[in-house]
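Encoded as structure tokens, the following chain is the form predicted alone, with no partner shown.
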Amino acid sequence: MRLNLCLSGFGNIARHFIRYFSARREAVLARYGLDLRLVTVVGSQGGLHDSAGLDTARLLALPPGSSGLRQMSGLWSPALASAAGIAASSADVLVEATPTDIWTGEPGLAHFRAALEKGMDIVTFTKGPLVKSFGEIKVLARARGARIKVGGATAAALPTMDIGSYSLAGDELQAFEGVLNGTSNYVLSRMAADGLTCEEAIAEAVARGVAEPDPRLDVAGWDTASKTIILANCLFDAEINLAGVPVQGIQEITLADIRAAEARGEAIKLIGKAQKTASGVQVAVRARSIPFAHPLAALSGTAKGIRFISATLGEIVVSGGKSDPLGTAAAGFKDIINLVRDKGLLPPV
């Protein structure tokens, strides 16, 4: 079976996706009979298309961004920019990897709309569209018979959606809580282990490449909030947005707070939580003191973890997964395979 892919974006995550795609494509063909072809790459100023499949080695030799794509002689077209390029593509699946704006949803929201209007399935690394306009996207996807996979946008290599949607299928999910941002956990871990101030630990995270050059989305709790909202909307079939979620980051946490918590036998973690209540699904993000015995308390460095509580299956905890761009890329690639598996188009496991 052949599956054509359209990749939106040509930045860090997109290029790691191409790298992982190139390394794993033949193994997927041999194991599943699934012939994956990257036929379109779109940027903000134009894009590339080859119905036979783009040469990934040539792509990876290019500089990032539209300026790099423009150097692919014979295939570059300004008419293939952004949503227009997606609409013109012959792809079956949009792989959305443009930078996130969680408040406007753009430019990813326009990309989602263009793909769904064509009935394309979506595998996304981008959070913005699902945080801003989940209800609209859900309605449009159902009307077009399209599916959306969000593993790459919900803690990436940590299998949050896989556990919540597959392992707990049929049971009643009551709540989940998670350490979903590797940068914030790194900062709190360095404070606890080595006595750094919050400002010092953030600066170190940026210097080591653990955090983005502008780490505010991470340390202010907005990245955790975005992931928690997407998970809550998908797993509880809710329609929560940022306006309805109290968010408290870690910037105000002091070393004295860390040591006081330790004296009580507790650790401070930035936790996103969603819980089903009589009045609806409640979502909150804040730095919390949790007992050392809590399954999320021992997470150190950039490690992430999530704890699900269901009515019959009980408590399920999963932790780990790489917190790096290649691990994120691998999570999206996995989503593509599971997208096809969900449609009954792959051999049984």
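Numbering starts at 1 and runs along the sequence shown. Fair warning: this is a prediction, and the values are worked out from it, not measured in the lab.
Although it is not shown, the form predicted together with a further copy of the same chain is what the next lines describe.
**Q** Just to confirm, Q45 within 4.5 Å of a further copy of the same chain in the predicted complex by heavy atoms?
**A** Judged by the heavy-atom cut-off of 4.5 Å, Q45 is well away from a further copy of the same chain in the predicted complex.
**Q** Check R31 for me: does it contact a further copy of the same chain in the predicted complex (non-hydrogen atoms, 4.5 angstroms)?
**A** Flag for R31 set to yes.
**Q** Give a yes or no for P215: in the predicted complex, does one of its heavy atoms lie within 4.5 Å of a heavy atom belonging to a further copy of the same chain?
**A** Flag for P215 set to no.
**Q** For G170, is any heavy atom within 4.5 Å of a further copy of the same chain in the predicted complex, or not?
**A** Answer yes; at least one heavy atom of G170 falls within 4.5 Å of a further copy of the same chain in the predicted complex.
**Q** Quick one: from E266, D162, E200, D101, grab the residue that has a heavy atom within 4.5 Å of a further copy of the same chain in the predicted complex.
**A** In short, D162.
**Q** From the list G314, P64, G301, G280, which entry has a heavy atom within 4.5 Å of a further copy of the same chain in the predicted complex?
**A** Only one option qualifies, and that one is G314.
**Q** Spell it out for me: taking a further copy of the same chain in the predicted complex, does every residue among R142, A146 and V318 have a heavy atom no farther than 4.5 Å from it?
**A** Every residue of the spot touches a further copy of the same chain in the predicted complex.
**Q** 305 to 313, 282 to 290, 65 to 73, 48 to 56: which one contacts a further copy of the same chain in the predicted complex at 4.5 Å, heavy atom to heavy atom?
**A** Contact-bearing stretch, as computed: 305 to 313.
**Q** Does anything in 324 to 341 come within 4.5 Å of a further copy of the same chain in the predicted complex by heavy atoms, and if so which residues, in order?
**A** Result: L326, G327, A330, A331, F333, K334, I337, N338, R341.
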